[in-house]
Structures are given as C-alpha cells and as structure tokens.
Ligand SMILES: C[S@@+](CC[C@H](N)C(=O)[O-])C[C@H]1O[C@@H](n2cnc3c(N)ncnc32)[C@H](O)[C@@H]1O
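Presented as structure tokens, the chain that follows is alone, the form predicted on its own.
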Amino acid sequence: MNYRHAYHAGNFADVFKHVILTRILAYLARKPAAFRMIDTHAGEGFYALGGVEAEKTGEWREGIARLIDARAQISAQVQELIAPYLAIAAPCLAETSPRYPGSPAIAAALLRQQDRMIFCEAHPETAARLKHNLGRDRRAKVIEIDGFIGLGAYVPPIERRGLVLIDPPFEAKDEFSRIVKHLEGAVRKWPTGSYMVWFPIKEREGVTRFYRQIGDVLVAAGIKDGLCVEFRVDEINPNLPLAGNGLVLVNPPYVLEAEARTILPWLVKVLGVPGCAGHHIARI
C-alpha cells in the first residue's frame, strides 16, 4: 500500500499511534536525565486539514475530530491518560486554518529543554517544510536522509535513554522485511533503547509472520520485553480502505500495557464501527 500521510492526517491510525507515543514520552520525562527521540520517517510536522489532500478523504473528521467531540463522555482515568495528546492536538484543530500535529510536533511539545530530537526525512520538500514548522528549536535536528540509513547512523545516541519511532509510509512491497532487517541492526547496537514501530493491517498472514520475525530478533538480542498492540475500526478487508493498524513496542515503559488496556476499549467505542471494531494486546 501507499500511505501518503497528507491524505490521512488525524485519522483513526494517527489517534491511536499518537496517544501511545505521548504515553511513552510522558514516561521518559519522569526521570530528570536527558533522553533522545529518533524519528526515522518524520514527515512535515503539521498537516493542513483544509488542504486538498486532507479534504479529499476527510478522514480526520472520523478520527481526531470525533475524539475531541466525545472527550466529555469518558471516564476520569481515560481523560488523564489522553490529556497530553489532546492538549497538543485540540488547539491545532481550533486554529483559523486547522492543522494536525505529526510526531515531530508532538515530540517538540513534550520533550524538555535537556532532551534532544533527530528527525530523518528522505524527501527534500518535506524535510524543508519540517524545518520551517519546527522553527529555531535547538533541541531538534532535521536530517535529509533515508530513515533506515538514519537508524543505523544515529543509534545508539549519547543519551542512555530514548525512543526510536519507525513509521514508514509502506510504499515498498517489502516494508515489513526492511523493518525487521534494520530493527535487528539497531537493537544489536542499542539493546536498552525503546522502539515503537507502526504498521498498517491489511491482512493477517503478513502481520503474523512479522510478529514471528520480530520475536526472533528480540531473542537473538537478549531482549525479553516486546509488546504488540492493535486497533481496528472495522473488519479487516484487503480490498477496502485501511481499517486496522498496529504497533510493535520494544522495551516499552512497564506501565504502558496497563495504560493501553484502559485506553483502547474506549477508542474502539468512540471511533469504531459497532460490532466490527476491536483491539488486541499481546506479548511478543
């Protein structure tokens, strides 16, 4: 599949991915020591929801817009967990020209003065827009480079703690294999780092094989802490638009599994098709 993000910004997959991202970053910020975030496929930082691409699909209306409309209905526990995400996303939607914040914007909002960010972006025009959107943020460095090459170049960071976000556009047919190959190299060099890998779910066989390969990588690296988290808004059908996505999490915060089990049933209820949506959480 070809997942050009400008068409899908703010959809159900972004909501899911970015809620989990904010939980991880919030956890890393609990300790005073600096940490680093490395984003291998960063994008442009913000996406205009009134732009041609976003208006063509309107997916954000069934994603972030629906979440904001329903936030008053949720429990205090869930509200507390998603508050960091909504504190960033909701004001962007309320602007005269509504925007959706991508992962670089979310990281810039949550990281502290001592923390650092590396954003890899292969497309020159997109990298230029990202630099413009980040402004003169001295914590951030935008590198015009293929994300998987960047992963090999910038891991391990000088900080002992950090997160690598691997969020490719799935333009290549062998994207799952490329992720496994480059993740294997990264965890060999930095086995104590945290990794978050996003992927679409169009059919089950390929995802099952992906989990098995990731499991082999973790065993070889001596890593015992791997988690898969899936969220779908409808039944999975390879012939229909994307309805499901997942995350592979390596060395996630110890609290993340319990937080996901609290958040995801509510996302299913708010964003999903009744009787068809669902979620799945398992150890790898």
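No experiment lies behind these values; they were computed from the predicted model shown. The first residue of the sequence shown is number 1, and the count goes up from there.
Only in words, not in the display: the form predicted in complex with the ligand, which the text now covers.
Three-residue candidate spot Arg71, Gly246 and Leu271; no residue lies within 4.5 angstroms of the ligand in the predicted complex by any non-hydrogen atom. Heavy atoms of Ser194 never reach within 4.5 Å of the ligand in the predicted complex, leaving it off the interface. Proximity of Pro84 to the ligand in the predicted complex falls outside the 4.5 Å heavy atom cutoff. Of the heavy atoms in Trp60, none are within 4.5 Å of the ligand in the predicted complex. In the predicted complex, the ligand stays beyond 4.5 Å of every heavy atom belonging to Asn133. In short, of 87-95, 139-147, 107-115, 185-193 it is 139-147 that has heavy atoms within 4.5 Å of the ligand in the predicted complex. Counting a residue when any of its non-hydrogen atoms is within 4.5 Å of the ligand in the predicted complex, the hits in 29-52 run Asp39, Thr40, His41, Ala42, Gly43, Tyr47.
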